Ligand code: HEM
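Next up: just one chain, as structure tokens, the form predicted on its own.
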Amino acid sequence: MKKKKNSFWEFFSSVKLALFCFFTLAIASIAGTIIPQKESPGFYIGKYGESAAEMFRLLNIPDMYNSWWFLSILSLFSMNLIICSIDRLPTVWKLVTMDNLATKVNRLEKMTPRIRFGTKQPKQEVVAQVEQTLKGAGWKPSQGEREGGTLLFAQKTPWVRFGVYVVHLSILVIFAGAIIGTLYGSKGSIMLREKNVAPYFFEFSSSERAMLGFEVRCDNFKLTYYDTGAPKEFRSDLTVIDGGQEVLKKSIVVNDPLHYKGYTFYQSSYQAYDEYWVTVQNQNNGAKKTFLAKPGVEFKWQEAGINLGIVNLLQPDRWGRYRLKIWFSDGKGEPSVFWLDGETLVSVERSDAAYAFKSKQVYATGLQIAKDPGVWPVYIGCMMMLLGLVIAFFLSHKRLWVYIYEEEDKTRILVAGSSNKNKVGFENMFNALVEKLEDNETLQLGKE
């Protein structure tokens, strides 16, 4: 009488539940990709309407990956994978560890592929020659007596039957990494002005400051444009300061972030200010000074006896080019008034010296900052999944039996085999082994 399964166990080990969870998670992930996450309520009302926005709120769609129902499906899927694996593992373990020398001969006669031979050679000589041929073909046979004859058995890659369990485990590892990232990770942003230093950022979830444990300084920001006037690239030169020491410098652009102590700094946006870095250099003695200048404000370089200011400003054109009208005096003669075009170098001759001028608009770089301690478990899980899929779909458990017995003054040989996958490939391997047996001149085999 067949033992009745526990209904709870049967439900959680069913393939139907696995398919339901898988497709539900897939559809939810697509929705979470299409619908922007963690925006303000007004954003969803303006984009989708009040009714849809209310439904989104009830289902926690704006923060879907942390919603109760999404996490519940993940948990259900995890339980299904664990129980399903436990339920089927004993059968697979039995297949891998079973004593194949106990296989009945009448079962071998029903296998495909199989072939029979006969020879006049003594049985012991035939056993020795067949064993030697199998070893030469890469098989490692074991030997036992069975039903009045000698049975040789060999197998290759029996462990591939565990490939599906490697896939199951990889999914659980990925889930664990995602949970670790959710519980212990953080994401946020900061608008960091050039030459400024920040030891913190603002978290998306709470808008509160989160301390980094070190400082990040923006040394320079560079914006370039296409011929159409659209922004082409924005690049930030960042310096990491840890313990009062500069420990890392990197220029970051979109898709080329900075990594330090588990944090990743992404280039995401920028902001321009109505302030300009104006650099003055005495070309005679090399003395140099940079001012943070604002239109209408006079600045002094007392050591050099220099005064200057921005007296007029033409706003940037579509290629980001601006013009500054500079008033400059070194206290000797009439002041010089001239235009600085963007970052173009301009030389000005005075009575006893020449000066070089260059300007640059002040920017703040918008950085997105993420710390995800679960990223490595996710990477490991993905590699495990790839390995498991290769094992499960491209490798097979191959088994081979050779039964040798005496009958009617002849030694007879039955060769049979089986493979759990890739039957065509195994049959080709089987035929190649049969050819090796036929080519063995000592055996002098004849097909029956």
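Keep in mind that this is a model prediction, so the values were computed, not measured. The numbering used is simple: start at 1 and walk along the sequence shown.
Below, we refer to the form predicted together with this ligand, which is not included among the displayed structures.
Exercise. So which of 43 to 51, 408 to 416, 386 to 394, 66 to 74 is the stretch with heavy atoms within 4.5 Å of this ligand in the predicted complex?
Worked result: Single hit among the candidates: 386 to 394.
Exercise. Pick from K250, R235, R323, R88: which residue has any heavy atom within 4.5 angstroms of this ligand in the predicted complex?
Worked result: None of the others qualify; the residue that does is R88.
Exercise. Among L340, L212, A370, V167, which has any heavy atom within 4.5 Å of this ligand in the predicted complex?
Worked result: Contact with this ligand in the predicted complex is made by V167 alone.
For this session: Please state whether every one of the three residues K120, A154 and Q444 places a non-hydrogen atom within 4.5 angstroms of this ligand in the predicted complex.
Result: Spot residues vs this ligand: no contact at all.
Exercise. Is there any non-hydrogen atom of L81 lying within 4.5 Å of this ligand in the predicted complex?
Worked result: Yes, L81 lies within 4.5 Å of this ligand in the predicted complex.
For this session: Indicate whether K421 is a 4.5 Å heavy atom neighbour of this ligand in the predicted complex.
Result: K421: yes, in contact with this ligand in the predicted complex.
Problem set entry | 4.5 Å heavy atom contact, T24 and this ligand in the predicted complex | Answer no; every heavy atom of T24 is more than 4.5 Å from this ligand in the predicted complex.
Problem set entry | V375: touches this ligand in the predicted complex, heavy atom cutoff 4.5 angstroms | Flag for V375 set to no.
For this session: Select from 10 to 39 the residues with a non-hydrogen atom within 4.5 Å of this ligand in the predicted complex and write them out in sequence order.
Result: Residues within 4.5 Å: S13, S14, V15, A18, F22.
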